[in-house]
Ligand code: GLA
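Single chain ahead, by itself, as structure tokens, in the form predicted alone.
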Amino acid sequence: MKKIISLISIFFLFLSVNAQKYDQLAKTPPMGWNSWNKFGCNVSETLIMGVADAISSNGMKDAGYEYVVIDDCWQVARDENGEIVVDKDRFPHGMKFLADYVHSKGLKFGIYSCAGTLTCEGRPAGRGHEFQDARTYARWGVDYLKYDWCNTGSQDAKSSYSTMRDGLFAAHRPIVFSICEWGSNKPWEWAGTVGNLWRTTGDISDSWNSMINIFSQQKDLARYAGPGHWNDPDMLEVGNGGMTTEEYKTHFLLWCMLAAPLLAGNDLQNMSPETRTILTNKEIIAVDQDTLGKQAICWRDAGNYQIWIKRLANNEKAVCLLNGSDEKKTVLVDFSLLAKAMSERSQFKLENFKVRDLWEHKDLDLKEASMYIDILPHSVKVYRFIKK
């Protein structure tokens, strides 16, 4: 008996020493939809199936959105064996049925839990059930797990999330692991080997001030992001009604400059043409999904006017001019200087690029290297320098 116990101990020690995550996941920032920002606890099988139908038919799937993620409130208890119990009133056919339906649309299925004893809405969470839940999620066909940080008491964040990572790896199904501990324990310093993305701040709300404050907190985090491990400034609020169309365009573009995960959070079944146009702008999404995997750097900071530069594959770059003020700005932009900025080789010249406006979907006619640009309040201009 002692020999058996010793062998078991050695086995689990081996697992802990050789703990891994799936390396080929989230090579570009994950794209999809999450239920929380619009629907909160009002989730159901009908809603999720409707969202999957919408993504597959409204141009979002074609634009790159693939994960359909249920947030909190799908679970109600644990049974006598400790298995998580689905709310049968809201999800009468269970999660395996729902995952299969999402997969039938060519999409991927995501779910929510929490590292504490209860979720943020007081539902049963994952503490002490990590390996069991991971096996359950794998059996259901889950592709994405958002893991929150409520009701954690004195738990250590890194070890708590590492335990869930180990459970997911042991379940033998590649599942994107989204760490949602709000940046409280500086996850950018340790989560690269634990999860695929990690929240850097508290929750976003549907307002200009919330969005721009969260954006401003990303300035020093660029070096931590890259393929398979991304800073996450929280989900998108585009289309939820609390900001203007210009502010939503700014929100979306800034997240793409950050190489942030793009998880839409609006009602996709009742979406305005303006919201759809923002969320499906393929030229701007291409900045987010660029394979080099670089987060933008604030190259020039003049308070309410900033220039952000994101290096792209093929020695290209995206340049964002941000007017965070309440007044329209007219700025003189030196495109020749921008062509050289943050380039690996100093001989980069403007004549080697065409400069494309990604909102207007047209190349600039640059008769001179410099030109005056008008930028509306709370608005952005974004240009891609494309090698000729």
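Numbers for residues come from their place in the sequence shown, where the first is 1. Since we're looking at a predicted model, the values are computed, not measured.
Below, we refer to the form predicted together with this ligand, which is not included among the displayed structures.
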query: Is there a heavy atom of residue 120 no more than 4.5 Å from a heavy atom of this ligand in the model of the complex?
result: yes
message: Can you tell me if residue 83 lies within 4.5 angstroms of this ligand in the model of the complex, counting non-hydrogen atoms only?
response: no
- prompt: residue 168 near this ligand in the model of the complex, any heavy atom under 4.5 Å?
  reply: no
message: I'd like to know whether residue 100 contacts this ligand in the model of the complex, with contact meaning heavy atoms within 4.5 angstroms.
response: no
Position in contact with this ligand when the complex is considered in the model of the complex, options 255, 248, 112, 161, heavy atoms within 4.5 Å: 112
message: To verify the annotation, which of these, 235, 145, 125, 134, has a non-hydrogen atom within 4.5 Å of this ligand in the model of the complex?
response: 235
statement: Exactly one listed stretch (179-187, 271-279, 102-110, 303-311) reaches within 4.5 angstroms of this ligand in the model of the complex by non-hydrogen atoms, and it is 179-187
message: Where, within 25-50, is there a heavy atom within 4.5 Å of this ligand in the model of the complex? Residue list please.
response: 36
